[in-house]
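The chain that follows stands alone, in the form predicted alone, written as structure tokens.
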Amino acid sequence: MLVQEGITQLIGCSDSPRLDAEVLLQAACGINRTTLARNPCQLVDPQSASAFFVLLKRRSEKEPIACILGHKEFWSLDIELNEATLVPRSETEILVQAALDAIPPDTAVDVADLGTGSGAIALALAIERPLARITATDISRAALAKARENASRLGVDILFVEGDWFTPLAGSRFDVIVSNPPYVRQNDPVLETGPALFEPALALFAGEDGLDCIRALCVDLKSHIKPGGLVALEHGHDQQDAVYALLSATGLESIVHVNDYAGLPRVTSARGSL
């Protein structure tokens, strides 16, 4: 059985070899999980079997399933990916929730998502707060192209603008500003192997201490946040003190940390002064 062969190959390479093997076989055959479960011993044509083993090899080299399949679920949305986009992490849903808590469902507010990548954060906010006027920026043209495709497929209206952080937003002010910027240290040994090798460096790395992008954002935060508006930034679990100091230096107020599902500080928010 192909699934069993897949499991054997993925033991030691994956934390979930059976699930991965089943998902990859479904992708290779163009079938869903229900079909596979109903007839796990069904005959697979040679072309599909060949495709399965190609996908299996990629997974055995620790390429993330999301990169192999080209999509990932985030906030119950199917987000399509390409080579220029980061795979959305479940931790980033903490950032989405922090923003939603600051956006009344019955009010039209101005929201900016900086470094949007696949558009996952902006899309989740647009689905939950349809009255919000959302602008999303990214320096990567290829990432923006995929974000626009995702928005079109999901039927949401977001203004996508190409440029580095606030550069294309001169003169604009927002009620809510969110960002999941690159925050990985350039020489972090953890990333010398594994999934990060298959994701765009532009979306991951931010200098020797991982704070270069957050520093760049903080330069212009105060001039783009409305009085009393919310700023929420995702960051590394050990960067909360440095991010607090950077936000405090901008003159923003009411700075708080929000923990992720593992109980680690993952998001820091602040308010514009009234």
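Numbers follow the displayed sequence, beginning with 1. Predicted model only: the values in this text are computed from it and were never measured.
From this point on, the text means the form predicted together with a small molecule, which you will not see here.
Stretch-level contact analysis of 99 to 107, 155 to 163, 137 to 145, 198 to 206 against the small molecule in the predicted complex, using heavy atoms and a 4.5 Å limit, identifies 198 to 206. Residue contact with the small molecule in the predicted complex: residue 86 places a heavy atom within 4.5 Å of it. The small molecule in the predicted complex is not approached by residue 127, whose heavy atoms all lie more than 4.5 angstroms from it.
Among heavy atoms of residue 118, none comes within 4.5 Å of the small molecule in the predicted complex. Using a 4.5 angstroms threshold between heavy atoms, residue 180 counts as touching the small molecule in the predicted complex.
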